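The data below hold one chain only, encoded as structure tokens and taken in the form predicted alone.
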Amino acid sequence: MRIINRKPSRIASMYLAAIPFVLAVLAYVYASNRRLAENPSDKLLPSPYSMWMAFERMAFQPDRRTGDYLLWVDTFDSLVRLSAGMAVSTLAAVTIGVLIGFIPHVRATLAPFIATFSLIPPITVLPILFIFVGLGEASKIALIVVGTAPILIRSTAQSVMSIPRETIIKAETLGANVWQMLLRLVLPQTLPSLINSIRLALIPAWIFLISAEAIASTSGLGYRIFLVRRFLAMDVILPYVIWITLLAYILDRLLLLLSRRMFPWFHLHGESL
């Protein structure tokens, strides 16, 4: 049997998936040991033990100035901003994206504008947002919306347009009006693809969130990373980067699980990454 037709077992898949992570950890430990052997005070590649101690200090020891557990405060603030921004973008996709994909007059009116707006580098809009809405929470949430909403809208519109025309004609023949077709035909067909689009949009959403927090914030994961960089505190920065990666992975898996539970038929003909 050819290798393209052979699938690894569940246990084999777990071992194969672990190999790149183990190799990355071993490579880091080797490089860290080499640098620390030459210079014990080197800060560029801290040892795993020093990173764990820094993580434990940030997570389980109250800050001397504020009394807060900084890791959890930063995590909460960042997740609130991320959730708010993605909620607004998702709502825009469900409304504007569906209308663009389903109603030709709306598509002719809004599709060119959305396509053009999506080409603007979102990070360049950040100074404008600071001027118009200030340095508070609104600017950070707005940056996430500016960076992700056009992508989700275009993806949703394309998903609606890919619904077979025969299906829409059948609904019209059975007497369904536009509102009924939107609720009973378009949305059920579109939501699984929308969840996949949200999973992909989370990647730039994290980038925009960290960027906004680094420039103008007093809390958040991005704020903390850029605050300690002036001290070359890699023992704090690297655990925070790993923590952000873990949070992003958990959110991605939760969305995939939600899609599989709500729309099992969407996952019948292939694996989901």
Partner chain sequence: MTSTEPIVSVRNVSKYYDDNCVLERLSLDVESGSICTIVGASGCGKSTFLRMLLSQERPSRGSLLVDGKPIAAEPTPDRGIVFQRYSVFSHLTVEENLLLVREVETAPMAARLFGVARRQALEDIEETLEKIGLTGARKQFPSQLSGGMQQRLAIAQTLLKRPKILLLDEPFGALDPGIRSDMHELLKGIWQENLMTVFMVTHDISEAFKLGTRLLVFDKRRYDPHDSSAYGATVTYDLDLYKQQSTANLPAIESIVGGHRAVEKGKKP
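Small disclaimer: the values here were computed from a predicted structure and weren't measured. Residue numbers count along the first chain shown, from 1.
The same protein also exists as the form predicted together with its partner chain; that form is not shown, yet it is the one meant from here on.
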Exactly one of Gln158, Ser83, Gln189, Ser118 comes within 4.5 Å of its partner chain in the predicted complex through a heavy atom, and that residue is Gln189
Among Tyr249, Tyr15, Phe21, Trp265, which has any heavy atom within 4.5 Å of its partner chain in the predicted complex? Trp265
Interface segment, criterion being heavy atoms within 4.5 Å of its partner chain in the predicted complex, picked from 161-169, 72-80, 123-131, 105-113: 161-169
With a cut-off of 4.5 Å between heavy atoms, is Gly175 one of the residues that contacts its partner chain in the predicted complex? yes
Within 4.5 Å, heavy atoms only: does Ile203 come near its partner chain in the predicted complex? no
Under a 4.5 Å heavy atom criterion, is Ile195 part of the interface with its partner chain in the predicted complex? no
Whether Leu185 contacts its partner chain in the predicted complex should be assessed with a 4.5 Å heavy atom distance threshold; does it? yes
